[in-house]
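Consider the single chain below, provided in structure tokens and representing the form predicted alone.
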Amino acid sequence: MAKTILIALTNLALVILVAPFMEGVIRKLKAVVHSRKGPPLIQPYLDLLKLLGKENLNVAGNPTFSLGPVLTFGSILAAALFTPMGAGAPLGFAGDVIVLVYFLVLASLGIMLGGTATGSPYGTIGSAREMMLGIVVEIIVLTCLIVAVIPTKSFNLSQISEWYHATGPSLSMIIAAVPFFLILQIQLGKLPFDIPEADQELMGGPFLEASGPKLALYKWGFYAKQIILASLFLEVFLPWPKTGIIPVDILINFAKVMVVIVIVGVIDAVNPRIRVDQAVRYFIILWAILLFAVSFALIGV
């Protein structure tokens, strides 16, 4: 029990305390790519502190406006407890792949609730785009993980990671890793897939009317989601190396997460936003790749 509590606290510390630093790395990286000096690495911490210290304004009488950011941030924290991050998922005994995806979907639902509550056309359009991406992307995430479930015959993420670490690479898992990695950019709201908020088109979309602590929770949730999804990708599809020493494995996972975040940041820095119809064609390609992955998994390759 003590071990489980320590791992749970470590996961929460990573997504609450370390996640803003990851965002600072991405911002600094974008600035370097664009030949700018850029903000300091601690700028996301300063932004969150400033927002948390502002007045908590309610621009809509609808209670879902206040519920949205709380639901989003709370769901992300819950998802962190079901995600292996170098060690086994601390609440893996209480939930599996389905539960993790459920909390990720719930986080998107919080964004949609907050965006539509104000009645702003920008918020409504942004929420509609969030719904479109959520429906497609979460199914892709689940299908990628199902490819790992088929050979292991288990929905437990820790068991999946341990099995793949022990058996080594397989063709179906390698193929499934490709669409999972490619949807990270969409899940994290980075270019070229920041379609729901699209600052130049929708001026923030579902976040337009959010300010102060509400906006801080939304931003914090996105920062935390970076570590959760990167860790999930690495633990399921690239679980090497592992030493069996939990603190060391957590540090190894953190280093690998940093590499993934840097790649995400580079893609964000060098790509323009794509149109919705281009995104749809992109999803069709990912589905085609996934069909091959599922087919190979079913025949045991």
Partner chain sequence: MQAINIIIATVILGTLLTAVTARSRKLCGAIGVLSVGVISSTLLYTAYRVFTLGTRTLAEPLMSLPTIGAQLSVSVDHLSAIFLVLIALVSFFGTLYSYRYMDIYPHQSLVRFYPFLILFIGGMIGVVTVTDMFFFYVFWEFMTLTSYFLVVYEKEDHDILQAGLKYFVMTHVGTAAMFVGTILLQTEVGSFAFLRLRDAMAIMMVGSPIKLSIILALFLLGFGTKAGMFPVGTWLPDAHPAAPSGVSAMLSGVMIKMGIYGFLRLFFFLLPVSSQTFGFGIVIAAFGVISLFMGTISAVVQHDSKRLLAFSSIGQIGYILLALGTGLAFMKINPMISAIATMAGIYHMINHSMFKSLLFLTAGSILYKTGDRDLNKVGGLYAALPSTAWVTLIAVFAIAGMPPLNGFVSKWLIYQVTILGGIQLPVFLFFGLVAIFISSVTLATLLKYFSTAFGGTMSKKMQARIRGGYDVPLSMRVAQYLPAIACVLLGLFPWVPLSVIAPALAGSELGTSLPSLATLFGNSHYGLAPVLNGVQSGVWFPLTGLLVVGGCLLAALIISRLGQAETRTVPVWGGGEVYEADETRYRAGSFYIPLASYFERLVYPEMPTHKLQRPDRVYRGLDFDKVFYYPFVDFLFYFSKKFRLTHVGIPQAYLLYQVLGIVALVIIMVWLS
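Residue numbers count along the first chain shown, from 1. From a predicted model like this one, the values you see are computed outputs, not experimental measurements.
Omitted here: the form predicted in complex with the partner chain. The next part is about that form.
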Review point. Here the chain is shown alone; which of 247, 63, 40, 241 has a heavy atom within 4.5 Å of the partner chain in the model of the complex?
Key: 63
Exercise for review: Would you mind picking the one in 175, 182, 125, 191 that has a heavy atom within 4.5 Å of the partner chain in the model of the complex?
Suggested key: 125
Revision key, fill the gap. Of the candidate stretches 164 to 172, 222 to 230, 90 to 98, 183 to 191, the one with residues having heavy atoms within 4.5 Å of the partner chain in the model of the complex is 90 to 98
Check your understanding: Wondering, does residue 217 line up within 4.5 Å of the partner chain in the model of the complex on heavy atoms?
Key -> yes
Check your understanding: For residue 301, is any heavy atom within 4.5 Å of the partner chain in the model of the complex, or not?
Key -> no
Check your understanding: Hey, in the model of the complex, does residue 8 get a heavy atom within 4.5 angstroms of the partner chain?
Key -> no
Review point. Looking at the partner-bound form in the model of the complex, is residue 271 within 4.5 Å of the partner chain by any heavy atom?
Key: no
Exercise for review: Scan 266 to 291 and note down the residues that get a heavy atom within 4.5 Å of the partner chain in the model of the complex; none is a fine answer too.
Suggested key: 276, 277, 280, 281, 284, 287, 291
